[in-house]
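Just the one chain here, the form predicted alone, laid out as structure tokens.
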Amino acid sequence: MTAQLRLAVPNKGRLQGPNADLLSQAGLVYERTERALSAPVANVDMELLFVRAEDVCEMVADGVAALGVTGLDLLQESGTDLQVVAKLGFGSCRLMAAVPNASRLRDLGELEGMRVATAHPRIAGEFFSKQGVEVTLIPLRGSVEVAPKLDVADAIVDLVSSGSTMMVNGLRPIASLLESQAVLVARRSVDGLSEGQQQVVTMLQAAVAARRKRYVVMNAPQDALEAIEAIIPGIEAPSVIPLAHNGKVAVHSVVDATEVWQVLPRLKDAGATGILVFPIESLIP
């Protein structure tokens, strides 16, 4: 009998909400109470484990879970030898080195001999070592931004998404250490991923890919088809369906979500009418 697949996911924090949305979009059906530590998936032989994002890597490395969702920064900070099997497209942020606005420091080299507060001492230590800059790292679990104000540190290394938190605390970035986002991780194996693991990877990747695309449907004269295909070539080619009226066709295609605003006026100018734009739930190219 095949063991039930376990997927470790964040139970709170900035990754929890977007991850729950992605699992729902991928078609996983489950119910979670506020204090639940796990939940069975109703339509797949799978169990979700709700843990801190910081603990996901350890759960997967120890074999408690077959897969896990965490941040790339947390994966590198954990030091576990896991592989990234999918990038999930949310939780984007940067690990930045920053100093107070009033500081004379302008680049990393000037941090030589300084105190640097961070919740990512492993990443920061390896980064500064590679740069040949010797600093004293001050590990902090929270409120890293206030360390310079309290004279605990001369600079910080912390996650930045919008940059507003650093701005409010009178800090300015001087270098980027790491680009991070949510990732799906698994243990390395000479046999590769199991069938169950690959199914999860495929469905999550399909949901992620769908978020970047829109399904566009329109009617058009047959003689406008070449111009329309040049505007929206689709994944391979647009689908063209003859209509009841002679010389008219229905055109179905997929376009990048970021290009919809530019594409629609061009389609109209090319002769398309009745243009409809739909979201896509899953997309497997």
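Numbers follow the displayed sequence, beginning with 1. Treat the numbers as computed from the prediction; the structure is a model and nothing was measured.
If you look for the form predicted in complex with a small molecule, you will not find it shown, but the lines that follow are about it.
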Would you point out which of 204 to 212, 166 to 174, 190 to 198, 86 to 94 contains residues with a non-hydrogen atom within 4.5 Å of the small molecule in the model of the complex?
86 to 94
Could you check which residue among M46, I232, A53, M59 gets a heavy atom within 4.5 Å of the small molecule in the model of the complex?
A53
Within 4.5 Å, heavy atoms only, which of L82, L111, L140, V160 is in contact with the small molecule in the model of the complex?
V160
Candidate spot M218, A220 and H245, all three touching the small molecule in the model of the complex (heavy atom, 4.5 Å)
no
Taking the small molecule as it sits in the model of the complex, is K268 near enough to touch it, meaning that at least one heavy atom pair lies within 4.5 angstroms?
no
Check whether P18 has any heavy atom within 4.5 Å of a heavy atom of the small molecule in the model of the complex, and answer yes or no.
no
Might S78 be said to contact the small molecule in the model of the complex, defining contact as any heavy atom within 4.5 Å?
no
Give a yes/no on whether V185 approaches the small molecule to within 4.5 Å in the model of the complex, heavy atoms considered.
no
